[in-house]
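Take a look at this single chain, the form predicted alone, given in structure tokens.
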């Protein structure tokens, strides 16, 4: 199931759209959401779907480990030099919204090492419904929730659900087993988000990440323009 409530508002572009040498930097997209919602699996699926057409790199955030980066490395979604891990040592909010220096350094290191890049995905550590990214770090943000967390999550709202450039409702294949009503989730998301887009995904299905990959391509087209 895929709902795409398109809107025509211009992409917010960070002030540092150019690199120090004057070349245009990569588009940066942040992915946040609660623990277990499928952020890392979504990043992996996006890398597989887009790596033949785009030059991609990934920055992961974990509090005390490199677990998410190691998952991506084990699954060989990108060459190892294109994946960097940040250990935040504190609440994930700190590294993606408040003190973004470690993530900015990782992003810039990747562009120096393997650039030029088209796209950098910055994955937050698992957090609650208030997780948002600084616009100094990313140009657009995706918020990932899943049906197993309860079909009342869109109704509860929170900055992640209501303001993310794309809301992803993941693991739709589990809905019959956990009693989640996808129609209700769609209606509640629409009520909370207005015309901001929502994608329903099941990454166990063939090309299940397609609605998210298509949205990323749209963001890249706007960035390139």
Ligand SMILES: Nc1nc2c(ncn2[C@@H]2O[C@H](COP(=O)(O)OP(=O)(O)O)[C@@H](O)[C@H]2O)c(=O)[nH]1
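Since this is a predicted model, take the numbers as computed values, not measurements. Positions refer to the first chain, counted from 1.
Omitted here: the form predicted together with the ligand. The next part is about that form.
Chemist: When the contact criterion is heavy atoms within 4.5 Å, does residue 56 count as touching the ligand in the model of the complex?
Modeler: Close contact is absent here: in the model of the complex, residue 56 is far from the ligand, nothing within 4.5 Å, heavy atoms only.
Chemist: Check residue 70 for me: does it contact the ligand in the model of the complex (non-hydrogen atoms, 4.5 angstroms)?
Modeler: Residue 70: no contact with the ligand in the model of the complex.
Chemist: Can any non-hydrogen atom of residue 36 be found within 4.5 angstroms of the ligand in the model of the complex?
Modeler: The answer is yes: residue 36 has a heavy atom within 4.5 Å of the ligand.
Chemist: Does at least one non-hydrogen atom of residue 45 fall within 4.5 angstroms of the ligand in the model of the complex?
Modeler: Because no heavy atom of residue 45 falls inside 4.5 Å of the ligand in the model of the complex, the answer is no.
Chemist: Just one stretch in 48-56, 153-161, 173-181, 191-199 has heavy atoms within 4.5 Å of the ligand in the model of the complex, so which one is it?
Modeler: One stretch meets the cut-off, namely 173-181.
Chemist: Check each residue of 202-216 against the ligand in the model of the complex and list those with a heavy atom within 4.5 Å, in sequence order.
Modeler: 202, 203, 204, in sequence order.
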